[in-house]
Every structure is written in structure tokens, then in C-alpha cells.
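Presented below, as C-alpha cells, is a lone chain in the form predicted alone.
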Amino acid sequence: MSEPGSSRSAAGIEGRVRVDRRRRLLTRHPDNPLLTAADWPYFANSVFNAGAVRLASGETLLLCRVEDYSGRSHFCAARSEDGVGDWRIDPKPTLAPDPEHYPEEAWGIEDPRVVRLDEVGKYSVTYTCYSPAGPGVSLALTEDFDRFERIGNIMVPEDKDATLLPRRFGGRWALIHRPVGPLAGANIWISYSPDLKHWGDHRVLLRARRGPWWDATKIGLSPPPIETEEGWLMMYHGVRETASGCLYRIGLALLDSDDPSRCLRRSTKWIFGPERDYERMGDVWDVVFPCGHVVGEDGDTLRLYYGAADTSVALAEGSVRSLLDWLRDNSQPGDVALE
């Protein structure tokens, strides 16, 4: 990271090229960044933070956050047969803010997470609704990413970084999210609902650490957790304040299969952070921010789609099994002290 008073120029970043001998759990795709505003069929300032899903057709769909020239965001779908190139992008916004009927969306909608709910035969899209009151959490359902049934605002400001889990627990749906309060800090919570509309039984799931840790300032969910034989593998972003601003990096946690309010393991180290120019320079410097992933039919091959510097969509690839193996050796119990 930059020393106090140092320049954040492109030349400064280029001058810090090093030989990296760390074990790579996630490998950047050579075609990165996959999608930018230049690819869009209409004028856009930036394209980033995309939810992801593999459709029944086998295509990968990215529901991208698109920021227009007013500064507000909407969602637009991009589809690809191989999940890497030849993207077919909707010619107009796929889901736009509707402040007339949903005033909580007056300043835009942001950062979608997409999960298939087999029980209802639809995809859930949880997203940040933004208004003068602050960011909250909204929910919509869709069968085809053409028509959407808005449930509306389900978590009031300030709250964001939310996703549903794909099945019920004891008859209730579970929502992972990140409320913020002046005394409570910025931690990851879990809440429950019998009907996707009324939420309660709110519990802290994971707290931001304190002191010099990589995730000491605030934390939040990244893409939806992945169900494995060992539990729910959750990627989360940790934010550390530095002399040059905030630095976003990704770590891991493992939640209990039958009770996701129980964190079994939590990584002591981050596994993925901004390194390349397209991650370190953009509208917001030094940010990697995954909102979506696709797991292969083998249950192991992982494609992680992430926003880079709030400017583009990029791809990193890895193995679910390798992430679990690494977490076993680089973690602490989820309920230990965080000092």
C-alpha cells in the first residue's frame, strides 16, 4: 500500500511490480476485464458488481450494475454461452429504478445478488435500494430476467450486501445482510422470514475485527454462499482504512449446513485483493468486489465475477475444494475473540 504522502499515480503503481510467489487460490482470466462501459449498447459511465447465474440453457447471465451519467445505477443483463466472451447485452436497462412506486429507489439500485429458489421456481434478486434516507435492501423475483415481481424494501437503511440462501431452514427463509449503526459498527447479520416479506430473529453472524487486521474497518457479504458437504462456504469482503483510502479484499468463512447463523470457521488471511491496474485504478481505487459466481457441474470449478475499481467486470477462476482445504489450515473458530 502507499506510504503516507505518496502519489497514487499510474506510474507509481507500475513501478511496484514484484515477483509473486504466493499460492494462488483464484486466478485472473487473461481476457480481463470482461465487460466495460465501452461494450454497452447505450451510454454508460461504468459497468461493475454483477450478480451471476447459469441458466437452464447453459448460458451464463450476468446482471450488471450500470451507472449512468447522472450518477445513478440500474441493472442490465449480459448473456454468454461460455461465460467469458461474445456477450449479448440487453439493448436497454433490464431492471430500472421505479421511484414512483418504490421511493426507496429514488437514487438508484445497486449491487445485485442472484439466487435460484427451486421451491418457488424463480430467481431471487436482492439488491441495494438507494434514496435520500440511505441504502437499504430490496428484493425482486423473476423467472426469465424479463419480467420482475418486486417484493420491495425488506431491510431499512442503512443496510446492504444482502442475499437469500436458496432453501428454507426450519420453514423459514434466511437473508444475509450488512446493517450499519453508529454503535453497532458494520458487521454481517442473518435474519429470517416465513414469507420473504416479514423479517425478524435478527442475529450478528460475523463481526469486523479490530486493530491492524485486513477486515478491521467493516465487512460485508460478497457473492451468495456456496453449499458444500462441509457447510456454506461464504466469501466476504473486508475493508481496511489506509493512508491512501479504503482497501477492499476478500476472505472466507464457513457456516453450518443446517444452521447458517453458526459460523464454524473464519479465515485469518485474505485470499484475493486488488493488484492489476484495472483493479487499482478506476472510479474507486483499490477495489475487488464479487457479487456473483457460477459453480461448474462438477461442483468444484468456480468462476467468480467481480467488480474492479467500480469500473469494470472481471473474472477469477478457482476450485471450491481448494478454498475449503485452505480455509481449514488458515482459520480460527468463528466465535473466538476478534481483537
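From 1 onward, residues are counted along the sequence shown. Note that the structure is a prediction, hence the values are computed from the model and not measured.
Beyond what is shown, the protein has a form predicted together with ligand BMA; the following relates to that form.
Residue-level contacts in the predicted complex: of V287, A52, L35, L302, one residue has a heavy atom within 4.5 Å of ligand BMA, and it is V287. Only one listed stretch (52-60, 39-47, 25-33, 279-287) carries heavy atoms within 4.5 Å of ligand BMA in the predicted complex, and that stretch is 279-287.
In the predicted complex, ligand BMA lies farther than 4.5 Å from every heavy atom of R266.
Within this chain, D215 is remote from the site of ligand BMA in the predicted complex, having no heavy atom within 4.5 Å. Among residues of the shown chain, K160 is one whose heavy atoms approach ligand BMA to within 4.5 Å in the predicted complex. Mapping the unseen interface onto this chain, R65 counts among the residues with a heavy atom inside 4.5 Å of ligand BMA in the predicted complex. Residue Y248 is the sole member of 240-258 found to place a heavy atom within 4.5 Å of ligand BMA in the predicted complex.
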